[in-house]
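Two forms, one protein chain; structure tokens for each follow separately as structure 1 and structure 2.
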Structure 1
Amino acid sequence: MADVVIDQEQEASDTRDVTDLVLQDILAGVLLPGTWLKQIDLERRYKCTRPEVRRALDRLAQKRLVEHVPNRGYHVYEPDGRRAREVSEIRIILETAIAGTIVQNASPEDIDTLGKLAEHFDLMVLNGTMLELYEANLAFHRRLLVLGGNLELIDLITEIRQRTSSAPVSQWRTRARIEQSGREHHMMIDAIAAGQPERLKEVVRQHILQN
């Protein structure tokens, strides 16, 4: 049984490594938008097995950073500028609409939880992989939206975000952009703690636009 656990942990570690290697090359512009991600080429590039490559591509496809086209394989996600702008506009409308509710519902414990999630994001900026940073960002924003008290709205915003590359990961091409996102997380928390919904709305709007 111990051997099975070790093997599973090693497999998970290998998957994370290959996934992050592919993502890093996408972000660095080595793999450009629209590039066909031919699996045999990725095996050779990253010196890994076909199952490892497939798992990495499937994971990136789930996050809308890679696109899987039936009978054509995997391609680097190619963003649609018009769609991205319109999705941002919709997100601003929905996410700022619940700012007052978030401020009203947030308990000291909720604010403390948000602070810890923001600090975890900051830690991932320093020590994490891009995928760990991505997950930390999602965790912070989901917890923020939960305070809005409308679970259907959370699902709707999540679905809307998936109509484009799911995220700021595709925009985080510089350290400055990542650090700005982290600062804005803390600014949101400060606005909530101060009971200032209008200030929260403005920070959320800026955050969505810069992402």
Structure 2
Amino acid sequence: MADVVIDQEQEASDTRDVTDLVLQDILAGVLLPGTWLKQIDLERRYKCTRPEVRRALDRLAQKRLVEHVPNRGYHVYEPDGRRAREVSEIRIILETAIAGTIVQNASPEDIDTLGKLAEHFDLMVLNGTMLELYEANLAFHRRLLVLGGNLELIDLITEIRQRTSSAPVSQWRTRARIEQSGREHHMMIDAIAAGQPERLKEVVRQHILQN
């Protein structure tokens, strides 16, 4: 397993927490699975102190994005096929479960908003960075879930979604797949507009399985 390579210093964006910064680098594929996260490296990389690094690592270990080996350190989790499959299954259960409510609650304005977010995603596919794309995707799905009316569920899905994304590169590698994701977003909106919950469920299922 390779160590963290500090090739370029990153601007200290003081507003955001170190935990988020590390998390984003893992999700963006900058910190690859298996990478040992040495405290000194992170300290320099994110221009922060030792305790901050340790807090971040502990939190990420709690979220099971990194593994903690006592007296050895922390390293990014290796992709686990079984686990990824199980998380997908859970996501399908949760996200299809509220499809009915979403279809019921969606007003024309909501559908319009979703359309804008889907188009924003398409735009980021062409002109955005990996992170912007990731966030555009998150924004669309978050807005969709809001219509489900269960705030706790949104947090939960956001959380478990991060658990699989420890292999972001392998999942999002092909442009064709990303473009397909964009099309599926519009298919979801169409299903909602048509008032067809079953169709929405099917698209969501495919969307999660193909990610």
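Small disclaimer: the values here were computed from a predicted structure and weren't measured. Here, rigid core means the biggest group of C-alpha atoms that superpose within 1.5 Å across both forms. Along the sequence of structure 1, residues get numbers from 1 upward.
Between the two displayed forms of this chain, it is structure 2 that matches the form predicted in complex with another copy of the chain.
Under a division of the chain into two rigid parts between structures 1 and 2, the C-alpha atoms of G148 and S88 are best fitted by the same superposition and thus share a part.
Of the two rigid parts of this chain, the smaller turns against the larger by 40 degrees between structures 1 and 2, per C-alpha superposition. Here Q24 exhibits a Cα shift of 12.9 Å between structures 1 and 2, evaluated on the superposed rigid core. The two forms line up on their rigid core, and L37 then has its Cα shifted by 7.1 Å between structures 1 and 2. When the rigid core is fitted, E78 shows a C-alpha shift of 2.3 Å between structures 1 and 2.
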